[in-house]
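We begin with a single chain expressed as structure tokens, specifically the form predicted on its own.
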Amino acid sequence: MTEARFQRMKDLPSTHLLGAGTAMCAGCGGLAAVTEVYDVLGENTVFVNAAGCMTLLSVYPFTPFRGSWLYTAMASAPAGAQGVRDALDILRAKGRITPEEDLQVVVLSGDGAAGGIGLSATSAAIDRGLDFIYLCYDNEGYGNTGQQTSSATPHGALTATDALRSGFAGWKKDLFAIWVANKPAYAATVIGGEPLDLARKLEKARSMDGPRMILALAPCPAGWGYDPEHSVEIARLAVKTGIWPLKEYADGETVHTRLPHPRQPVENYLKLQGRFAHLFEPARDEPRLKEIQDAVDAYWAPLEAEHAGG
């Protein structure tokens, strides 16, 4: 068996393929994830970019990618990826490119496209068995247009479309579960603040064929209301509090790659973000805080019980 490429932090790439100086916001968690993903996948990658925050990476006629980049409408990225993959397969069949010149096709999408307007095209691509990686940077709102509510907005979060200023009353859509229900080749959750876990999962996804998803929580200073210097701290707290489970699906089985222990209270994560400030000031909203904590506790209870018994 080949030894895993990423055993320790020192095994991670020390230089980045993605160029610096883009128009992205300082402290963008999505940009951190994309940077790490690109370092693992390498230059022989074509990114099919659905309209969203990452559109700002390109300022015509330049992009920060050393390889290829294609822009599509928000709902069309999986269809664009199909066309690119088909073209590459034809070129290989005709001998016009070698296997070494072939490209890894990656859809780059925000949560708005991934869980909403682009979900139909994505489901169809999975059904067709498209050989691609679907990278979703989940900043839990339509971040590029002012952080309006998306299907990924968490319970209680304040958004630009919350007229009552009381926080989102609904619950975050489980995109990971939706992908797993479609039986892809692979699916995983990651976060830029845990680069070793991310690199290991990318390397695994890279070694496979078929539909594969990498779902990255993307802390957003502008949309979430915090100073950019706290991006890594917030990312790590998302994992330590159990708000963002790190897990992967393959061969019909879902496995958690990190069990937070001891698991911290969710308010340690919430209180650092302006979008949850109304839950603490001018008075603590104990019922809403309890709802959020109870939901996280319910998720982890069977896993923690299994771990304690094992």
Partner chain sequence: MTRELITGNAAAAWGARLARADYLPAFPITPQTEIIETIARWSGEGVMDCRMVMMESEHSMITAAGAAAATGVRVYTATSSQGLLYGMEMLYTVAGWRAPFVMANVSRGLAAPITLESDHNDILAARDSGFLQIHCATCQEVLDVTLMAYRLAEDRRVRLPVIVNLDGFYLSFTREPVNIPGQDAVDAFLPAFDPGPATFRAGHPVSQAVAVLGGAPYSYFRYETALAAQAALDVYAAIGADFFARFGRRHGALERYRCEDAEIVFFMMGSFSTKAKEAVDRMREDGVPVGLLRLCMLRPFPTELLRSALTGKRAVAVIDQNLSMGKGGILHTEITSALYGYRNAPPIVTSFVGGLGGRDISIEEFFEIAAINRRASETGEIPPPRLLYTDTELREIRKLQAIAHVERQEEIVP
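Numbering follows the first chain given and starts at 1. Note that the coordinates shown come from a computational prediction; the quantities given were computed from them, not determined experimentally.
If you look for the form predicted in complex with the partner chain, you will not find it shown, but the lines that follow are about it.
Though the partner chain is absent from this view, in the predicted complex it lies within 4.5 Å of a heavy atom of just one residue from 241, 257, 58, 35, which is 58. Only one of 79, 180, 222, 196 lies close to the partner chain in the predicted complex, with a heavy atom inside 4.5 Å, and it is 79. Residues with any non-hydrogen atom within 4.5 angstroms of the partner chain in the predicted complex fall in just one of 142 to 150, 162 to 170, 181 to 189, 100 to 108: 100 to 108. Put simply, residue 155 is far from the partner chain in the predicted complex: not one heavy atom of it is within 4.5 Å. In the predicted complex, none of the heavy atoms of residue 210 sits within 4.5 Å of a heavy atom of the partner chain. Although the partner is absent here, residue 83 sits close enough that one of its heavy atoms falls within 4.5 Å of the partner chain in the predicted complex.
Using a 4.5 angstroms limit between non-hydrogen atoms, residue 44 touches the partner chain in the predicted complex.
Although the partner chain is not shown here, in the predicted complex the stretch 120 to 154 places heavy atoms of 120, 121, 124, 128 within 4.5 Å of it, in sequence order.
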